[in-house]
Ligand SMILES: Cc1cc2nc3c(=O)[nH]c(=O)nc-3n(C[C@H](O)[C@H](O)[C@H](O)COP(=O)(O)OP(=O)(O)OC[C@H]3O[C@@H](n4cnc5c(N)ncnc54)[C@H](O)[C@@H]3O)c2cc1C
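Single chain ahead, written as structure tokens, the form predicted alone.
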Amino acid sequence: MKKIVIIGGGIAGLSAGIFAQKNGFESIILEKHHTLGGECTGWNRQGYHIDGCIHWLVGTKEGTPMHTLWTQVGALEGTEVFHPETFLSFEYEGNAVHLCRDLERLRSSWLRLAPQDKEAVEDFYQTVKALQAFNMPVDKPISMMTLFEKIKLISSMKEAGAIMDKYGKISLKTYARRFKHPVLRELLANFLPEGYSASSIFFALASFTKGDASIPYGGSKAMAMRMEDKYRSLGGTVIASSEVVKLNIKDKQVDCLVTKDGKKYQADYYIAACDAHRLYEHLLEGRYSDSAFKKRFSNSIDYPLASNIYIALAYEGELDNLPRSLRFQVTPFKIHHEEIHYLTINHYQYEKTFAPEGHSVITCAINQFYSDYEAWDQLSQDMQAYQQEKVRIGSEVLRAVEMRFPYMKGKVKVLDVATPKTYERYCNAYRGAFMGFLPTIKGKMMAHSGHIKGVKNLFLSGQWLQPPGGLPVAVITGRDTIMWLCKKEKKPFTYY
């Protein structure tokens, strides 16, 4: 029986491990942290649970290819799904607009609000509706497809390709100018950070409005734990608190790897289900450079990496009448060099185990990019200054929430503030990134095989390999790596 060592116990590592066990390999997962799941996680503070990852998960609709894959790895087995009525509610200068799950309701409410934008609203509606037929390719890597399978895939993506051609090179801010009503214009211009392609909003809303982008009950950590349970039930081995720090390579093959505590592990194959920069620049010490990744890591303008400041609040009350996700204007305050004019909050009232009875958890994520990370990195050299800045930001968010919701005053408190350095410390995430390279109008999408040039028995898995990144790409590529190994071993691949 061939042996596989998997570096990283996030969603990609767990997926690779599960399919390794299903296909007759002996596998072991080495995870840096004491808990598996990687960035698909949550943590407890003062009697509350803070969900740290899933805002919406593609693949929550039964019968879709992505749902089948999530079920195969145990992530959605026996799990109910929460379907919020709105993707986002947005407030601007006394007006409110909603990105509704019911696409007909979205259309009619926007037309009532802005009859002058009838043509733009109809185009928006028709574009989202057309994309509802699109499903993320899941079956197998393109490089393993037959000619007939490739033709079939291209045919199935015809509508998506047309929309990418139309909107892929237009920024959201440029697209937003097609709308005359200020609240619609502001909503679209601020839906994602500067530089994002306009196509992003259509793909996100198409999944959401067809019921395929919702939230599994129990949250992110519980989903990762279900996958870990599946892996262990198949005979897989997990060694937590075991950070890999070195790969010994001989004759173009990994001979063994070494963990921080000095232990060595040998296998026939090694899967790096971890941060791509960590693999290339640290574990491989820059000796096996990859031009596609090098191009992207060296150009933070066209290939930005997103992190965030993640603030969690506890509220002594219930929020049944508040939209699940709300973006609203605030009295501006500064974080580093940037003024913050909007905050987006999510609440978890639907999760009854996340807070004491009658209480609620609220989270707020503030985007952070290249220069923001530099500021946090410098601050972290002085832990007192670093902690003081976290406290200040938590207080600013608390103040903004109390101003928007006066009835919360005195009943809400800060539970925790995480920064890009937090993501880096716990997950070895390069510059604190929680996603791969973002789809911008200048950046070219990358579809990477995960093969490491010059090393025959080492493979990269995870969200870095293809757009748009995130959990779906992680679970797909973890499985795809085992497909490759089955092909290499000349054995059939089984999903079940």
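Predicted model, so just to flag it, every value in this text is computed and none were measured. Residue positions are given as counts along the sequence shown, with the first one as 1.
Here the subject shifts to the form predicted together with this ligand, a form of this protein not shown in this document.
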With this ligand left out of view, choose which of L438, M66, L458, L471 has a non-hydrogen atom within 4.5 angstroms of it in the predicted complex.
L471
Quick one: from I345, L188, L106, V244, grab the residue that has a heavy atom within 4.5 Å of this ligand in the predicted complex.
V244
Going by a heavy atom distance of 4.5 Å, is H49 a contact of this ligand in the predicted complex?
no
With heavy atoms only and a cut-off of 4.5 Å, decide whether A12 touches this ligand in the predicted complex.
yes
Test of understanding: in the predicted complex, would K61 fall inside 4.5 Å of this ligand by heavy atoms?
no
Though only this chain appears here, would C274 touch this ligand in the predicted complex if you measure heavy atom gaps against 4.5 Å?
yes
Choose from 368-376, 307-315, 386-394, 180-188 the stretch whose residues reach within 4.5 Å of this ligand in the predicted complex, heavy atoms counted.
307-315
Which of the residues spanning 245-260 lie within 4.5 Å of this ligand in the predicted complex, based on heavy atoms?
none
